[in-house]
Every structure is written in structure tokens, then in C-alpha cells.
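Shown below, as C-alpha cells, is a lone chain in the form predicted on its own; questions about how it binds or moves come after it.
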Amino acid sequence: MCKRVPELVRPELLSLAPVAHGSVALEELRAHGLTPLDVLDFSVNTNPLGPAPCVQRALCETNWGRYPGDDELPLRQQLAEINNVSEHQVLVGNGSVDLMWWTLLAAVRPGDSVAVAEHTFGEYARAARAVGAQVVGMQHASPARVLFLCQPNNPTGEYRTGADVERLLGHTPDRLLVLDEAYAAFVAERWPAEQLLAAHPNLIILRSMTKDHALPGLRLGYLLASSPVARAVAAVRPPWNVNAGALRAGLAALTPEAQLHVQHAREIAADSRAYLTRELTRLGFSVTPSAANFLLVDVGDGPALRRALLPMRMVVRDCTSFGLPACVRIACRLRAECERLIAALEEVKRV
């Protein structure tokens, strides 16, 4: 008779599926005899210019022989000054996703509900389920403990007005609203969400510092919230969760040189977005209007188009995991690179 094995872990986690993200796996590239350097990757939405030189210098000058931490308070203080909040309202993390997971751990009890919009970043629902919460749609947000809004939304590029967000905060004053501004740095007419913090202690703002500085492999983000909420999230954060290089890069990213670099990238992305929208429409594709540095494009069969482009050394984001299998998401890269993508799509359509 087989002896019953005791449950050593939470059994529901064994069926918690990973979330698909952008970029392309090495195994997939090898099947075509390619490496990451061989392809134009339109599936990742980062600064098309790459990191600013001063950020790269800061990484090279990092002292890796010490535990991280010396640069955390100066980074928090500078972020607080820029956002006109107290340093006690700022928390840095290993990417904004890291902070999102710790937020749920700090705020959600097993059995609580977490509201997530349709067709949005998949990690909200996965993290909620990981802490034992029930995931519901925004139409059932009234009893939810936490609400997630991606601003601008990934993958649609929709950008809500300040009045929309403030109205939602007022409707749910006893529930946390997490406003994920990972791509907000690329929005041309951006409104300052941090100004809502004083009147709405139920607001949490998440921001990435790796999208606008093209450092997704480094991982760095920050959280803005009321002091008690930030303190609770900090209480569940493990020690040294932000590495020394990321902290140094974060300080460099706030310098005028780096901010001008991001401004230039924002202008390039806006020009490429207009170009791609025009040319994709000319080719007969349906393009969703976007305020972000990426476009959602209805191509009829997202996975098929992605497969067709890969041998041509182009990668786009298949949006099946967002519940949009007819669509792909395309990043707004340099204009010349976007022209190469359009040429490849013309060739695909001729086949």
C-alpha cells in the first residue's frame, strides 16, 4: 500500500501557470540559427536609444564587494523630492513587478478578492492567486480588497484621465487602488498621479525605472503611497532585494543628462508610433490608438504572424496571453527599424 505523501506546499500553487511576457527564448532563436543580436525585437517596450551613457557609467563604477543599501536612502530621497512627497512614502524594488507582489502580500488575506481589468498585464492576476486571493473583473470591483489599473494599459495603450482615476479612488476609499505607471514615461501629455496621494491614502503608484532607461535585465522600480501603506509593504520586503548596480543606476537615471535622454526617446517613440500607425493601416491592419510606446494591432492571427516574422529576424509580441489571439503588440523602436518591420510585413502579405 502506498503511503500518502503529506502536503509539503500549498497544492493550489502547483497549478499556477507562469505568465507569458515579451522577448523571445534562446531555444526558439536557435531553431532558426539566430541569436538575440540577430533580431529586431519589437516585443519589448523599452527606450529605443538604450541606456543613457551616464547610467552605463554608474553601473561600471559599482562596488560589487559590498552589500547593497548605502545608495537606497539617497535614491528614495531624490525620488521623494521629484514627486513632492516624503521619503517615507517611497519604496524601491527589484522592478515594479517585485513591488506589486509585496503589495499584495502586505494587503491581501486568503479569500479576499482582487479586481483586474480585462486584457491587461498578466502578473496582477497571477500574484493575486499566489497569495490566495480570488481574481474578479472590474465590474465586480466593489467588494475587492485591491484594484489594479495599468496606466497606460499594456497591451492596448489606453491612458485614463486624472478625473477617471480620482473618481475610482472616491468610489472605493476603503480599498487599495494600484496604479501601475510602468510605461507612463513615454506618454506625451502625462498628468501627475502623485498629486492624488495627499487626498487619497488608498492610492499606490508603481513606476518602472527600467523601461524608460532600457534596463529590463537590471530590474529597478519604485512605489509611492501613504506612509503607513509604504511601511507595511516595506515590512514584507526581503533584505537586499535591490542590487547595488541597480541603486547606482537609479541615482544616475535621475540626473539631467539621463532625463534629456529619456525626453529624446519619448519624441522618437512618438514619431515611430505615428509612422507605424499610418503604415500598418495602409497595409490593412486595424491599429488601436495608443498613448504609450507600443501599439496593439489586429492582424487576424497573432501567433501566425509572429512565426512568419521570426525567420525574417523580426520579433513581435503575440497577444494570445492577453486574451487577444488575433493581435500582436509592436514596440515603437527607431524609425529606420520600424521601416524594416513594415517592409517585412509587406513581404509577408505578398506570400
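Residue numbers run from 1 along the displayed sequence. As the structure is a prediction and not an experimental result, all values here were calculated from the model.
One more form of this protein exists, namely the form predicted together with a small molecule; it is left out here, but the text below deals with it.
- Partner proximity in the model of the complex, defined as non-hydrogen atoms within 4.5 angstroms of the small molecule, places exactly one of 231 to 239, 127 to 135, 103 to 111, 215 to 223 at the interface: 215 to 223.
- Contact with the small molecule in the model of the complex, judged by any heavy atom within 4.5 Å, is made by just one of 272, 89, 156, 210: 210.
- Comment: the small molecule is not present in this chain, but in the model of the complex one of 144, 150, 79, 258 has a heavy atom within 4.5 Å of it, namely 150.
- A residue is said to contact a partner when one of its heavy atoms sits within 4.5 Å of a partner heavy atom; residue 178 fails this definition for the small molecule in the model of the complex, lying far away.
- In the model of the complex, the small molecule lies farther than 4.5 Å from every heavy atom of residue 245.
- The small molecule in the model of the complex comes within 4.5 Å of no heavy atom belonging to residue 268.
- Proximity of residue 186 to the small molecule in the model of the complex: non-hydrogen atoms within 4.5 Å are absent; the residue sits far from the partner.
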